[in-house]
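To begin, one chain is listed below as structure tokens, in the form predicted on its own.
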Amino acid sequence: MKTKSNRTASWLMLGAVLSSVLIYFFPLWKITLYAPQYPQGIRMYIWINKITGDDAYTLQNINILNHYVGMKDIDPHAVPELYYFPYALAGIIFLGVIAWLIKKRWTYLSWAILYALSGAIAIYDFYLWEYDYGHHLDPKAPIKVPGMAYQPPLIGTKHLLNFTAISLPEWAAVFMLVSVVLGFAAYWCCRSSSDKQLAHHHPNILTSSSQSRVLSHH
């Protein structure tokens, strides 16, 4: 029997899938660098399949600055995650569509857990990428400060010599979070619906359960 809660769960799951599709069209993360020579800041955008900046020369300018402290060039072609993350997301979207078609609460829950774990792994992978760029410096760099590392923050603000780096999630990260929340919400609605159906078809079960709870309080 299709209940109102089941229909709501189906719509929530559909919203989760559509929200995931939007990830392809917006940046996941933004890192802004402020310095005396860049008072307006220069911005680098990390997408699921590319790295861009305010204009075509942003990455080149950042790489020139990084060169002085010995950081490696940021080359999108040398970041393998930018190749396989789009396919991983496509797989998650495909599984989301399957869960939406099956319309069972365990499919909603499994998909939401898989998505949440994948997102956590992606964020950890991003942290490792930042760590590699900030710590593995060229020993022949023109500027060397003993003990200094240049890893930008994962989230928040950090001062690196005369630079201020600000790292924040962008719209695609928000859409990812919304998808996970909607997936869990779909499971919750489906579970509530199942409880109501159980109470309708087997009222004695709830009656016994209620009596047990009353006895346990006494």
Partner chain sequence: MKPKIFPQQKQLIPLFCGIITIAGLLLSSCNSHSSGGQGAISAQEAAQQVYVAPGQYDEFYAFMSGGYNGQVSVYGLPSGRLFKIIPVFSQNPENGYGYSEETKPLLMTSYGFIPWDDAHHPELSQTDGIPDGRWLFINANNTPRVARIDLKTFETVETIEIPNSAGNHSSPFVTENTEYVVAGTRFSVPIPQKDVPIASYKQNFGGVLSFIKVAPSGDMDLAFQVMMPGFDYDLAHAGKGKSKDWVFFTCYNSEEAHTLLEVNASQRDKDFVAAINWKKAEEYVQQGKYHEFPGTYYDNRFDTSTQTAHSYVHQGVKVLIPSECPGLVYFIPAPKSPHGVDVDPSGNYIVANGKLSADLSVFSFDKIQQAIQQKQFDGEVNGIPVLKFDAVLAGIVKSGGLGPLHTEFDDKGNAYTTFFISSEVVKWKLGTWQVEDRQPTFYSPGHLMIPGGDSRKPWGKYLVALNKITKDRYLPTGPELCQSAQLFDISGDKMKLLLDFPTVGEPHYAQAIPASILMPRSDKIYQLASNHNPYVTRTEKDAKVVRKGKRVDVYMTEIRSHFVPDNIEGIYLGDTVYFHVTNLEQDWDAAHGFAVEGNRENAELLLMPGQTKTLKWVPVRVGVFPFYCTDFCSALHQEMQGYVRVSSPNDNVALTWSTGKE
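Positions refer to the first chain, counted from 1. Keep in mind that what you see is a predicted model, and the values were worked out from it rather than measured.
If you look for the form predicted together with the partner chain, you will not find it shown, but the lines that follow are about it.
Trainee: Can you tell me if residue 64 lies within 4.5 angstroms of the partner chain in the model of the complex, counting non-hydrogen atoms only?
Mentor: Looking in the model of the complex, residue contacts with the partner chain include residue 64, since a heavy atom lies within 4.5 Å.
Trainee: With a 4.5 Å heavy atom cut-off, would you call residue 142 a contact of the partner chain in the model of the complex?
Mentor: Heavy-atom contact with the partner chain at 4.5 Å: present for residue 142.
Trainee: Examine residue 162 and determine whether its closest non-hydrogen atom to the partner chain in the model of the complex is within 4.5 angstroms.
Mentor: Residue 162: no contact with the partner chain in the model of the complex.
Trainee: Heavy atom to heavy atom, is residue 26 within 4.5 Å of the partner chain in the model of the complex?
Mentor: Taking the distances in the model of the complex, the answer for residue 26 is no, it never comes within 4.5 Å of the partner chain.
Trainee: Looking at the partner chain in the model of the complex, do all three of 47, 124 and 133 come within 4.5 Å of it through at least one heavy atom?
Mentor: Result no, not one residue of the spot touches the partner chain.
Trainee: Heavy atoms within 4.5 Å of the partner chain in the model of the complex: which stretch in 177-185, 34-42, 151-159, 164-172 meets that?
Mentor: That would be 34-42.
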